[in-house]
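Shown below, as structure tokens, is a lone chain in the form predicted alone; questions about how it binds or moves come after it.
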Amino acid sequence: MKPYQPKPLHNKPPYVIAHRGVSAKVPENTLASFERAASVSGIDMIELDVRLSKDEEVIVLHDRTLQRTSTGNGPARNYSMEEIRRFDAGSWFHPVFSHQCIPTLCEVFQQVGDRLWVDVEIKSDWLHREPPGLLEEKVLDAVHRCGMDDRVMFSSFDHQLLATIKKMKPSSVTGISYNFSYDFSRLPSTLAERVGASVFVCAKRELTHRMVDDAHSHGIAVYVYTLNSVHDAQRMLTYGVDGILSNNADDILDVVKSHGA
């Protein structure tokens, strides 16, 4: 598979990025959800969320706690990987997925890493601050061990995590996520320059034409989330975005890939 290239695509269709996999149809952040994305021709990338278990394994889980998307309860950081594997991470979505469990990052890479690029969103936990550099080091190690160095992007709302990633591995591709509360009135180029990011990630309700123009004028790609309808996708295509994150990536694929054809 080709190395991941984050730069603006200049009149080519945006990348289609399956947000937590095809998470509208399969339980989010599970191997089944990522496999669904990998099976659809035209999906370029998956997005997933990572944090640490008690024994410092890099697990794929959005929330700091387990109960929304599994039969576990409380913070994931309180459980070892062996304990986390026992939880059912699919039946909350539909009983047919009761065999799904919370995967490690390496397990996802092993399953679909040769078919898709991966946007690894690093989650910080404001109630459990990790020792400086620990989470970043563990994530980078998992990426390297699985041979994914040139096929991943690291993104985060915690911009310091991205700065640390770049310091530890300067060749890393990073995407800075826009936090309206903290970043209001700051342009993408200003935010990205602080941490050496080459991608600006923003919610559809917050993205403006001015943001896109500023990012592109500084060679920064713009990815927008979460576009779950054809209507939303069509509207954002007029902004000239470079990547579209969707829970229904398979449903918006045709309209996105035909843009500009």
Ligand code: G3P
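Given the structure is predicted, the values throughout are model-derived calculations rather than measurements. When you see a residue number, it is the position in the sequence shown, counting from 1.
The following text describes the form predicted together with the named molecule, which does not appear among the structures shown.
With the named molecule left out of view, the stretch that reaches within 4.5 Å of it through heavy atoms in the predicted bound form is, among 209-217, 228-236, 46-54, 189-197, 46-54. Although the partner is absent here, Gln100 is not a contact residue: none of its heavy atoms lies within 4.5 angstroms of the named molecule in the predicted bound form.
The named molecule is not drawn, but in the predicted bound form it has no heavy atom within 4.5 Å of Thr174. The named molecule is not shown here, but in the predicted bound form it comes within 4.5 Å of a heavy atom of Glu121. Among residues of the shown chain, Phe157 is one whose heavy atoms approach the named molecule to within 4.5 Å in the predicted bound form. Screening Leu31, Val26, Ala37, Val201 for any heavy atom within 4.5 Å of the named molecule in the predicted bound form leaves a single hit, Val201.
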